[in-house]
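Below, in structure tokens: the form predicted alone, a single chain.
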């Protein structure tokens, strides 16, 4: 007999909507996805999209708790879930979960987080907080690679601080919208990745070494098949150089990533001689929502 569903976990971002029917042990019993991110939903259309997405599960299993995270809780989403300021504990996140009126299910939105670095520069996250909760790290650093990678400091179970790096977005911009990207050739040669990692630790800074990709091709020092991997290694390496220089707590580094991101970050940390633990983002997302739901329901008891 299959386990009973405990939760519907919803990851609703800018371009995609994904929902998962989850057991109390975190097993995915069923799932669905659609290209109905928040930018594709017409004004006032969020309840209809969610109802259509969840209807088969609600008809079969009755009223279930629904936990939503991601850009659906942003200013441009369904209902804004205000940011919680760091340092923040799991209880702080649970206290700021927003209830969403919806017929047939108990729907809640997980809030994002905000922090200001010592220089006063503000930072925000929305969605990554659920993965952080799912890691369950007591003290150490969590890295969540992506379009906007984040380095999160965990101290005594609390999210103490975090810093964002526009690694993925810069890579897309350099490769797709600069003269450097015009020199890139296929098929890509992964040897360029390690060359980029090496360049990230040389003097001159990121923009100088990025321009070096162009001049290296022009002067015959680098084939065009290296350009894409080189830029990836350069940007990830630059992120790691600056991330390791942050005021971080002692303890392990956990990287929440899979696929290409997971392989590239694991390789980069290996080259830098820094041991890390790699965790699956889907597993941590589900575990995080289950833990937050437990705290929310505990507050109501």
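Numbering follows the first chain given and starts at 1. Here the structure is a predicted model, which is why all the values come from computation and not from measurement.
The same protein also exists as the form predicted together with a further copy of the same chain; that form is not shown, yet it is the one meant from here on.
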So which of 71, 100, 94, 88 gets a non-hydrogen atom within 4.5 Å of a further copy of the same chain in the predicted bound form? 71
Whether 225, 254 and 273 all lie within 4.5 angstroms of a further copy of the same chain in the predicted bound form by heavy atom: no
Answer with yes or no whether residue 187 is in contact with a further copy of the same chain in the predicted bound form, where contact means some heavy atom within 4.5 Å. no
Residue 182: touches a further copy of the same chain in the predicted bound form, heavy atom cutoff 4.5 angstroms: yes
At the 4.5 Å heavy atom threshold, is residue 204 in contact with a further copy of the same chain in the predicted bound form? yes
Is residue 34 a contact residue for a further copy of the same chain in the predicted bound form, using a 4.5 Å heavy atom cut-off? no
Assert contact_stretch over 152-160, 169-177, 137-145, 104-112 against a further copy of the same chain in the predicted bound form, heavy atom within 4.5 Å, equals 169-177
Using a 4.5 Å heavy atom cutoff, which residues in 211-247 contact a further copy of the same chain in the predicted bound form? It's fine if the answer is none. 211, 212, 214, 215, 216, 218, 219, 221, 235, 242, 246
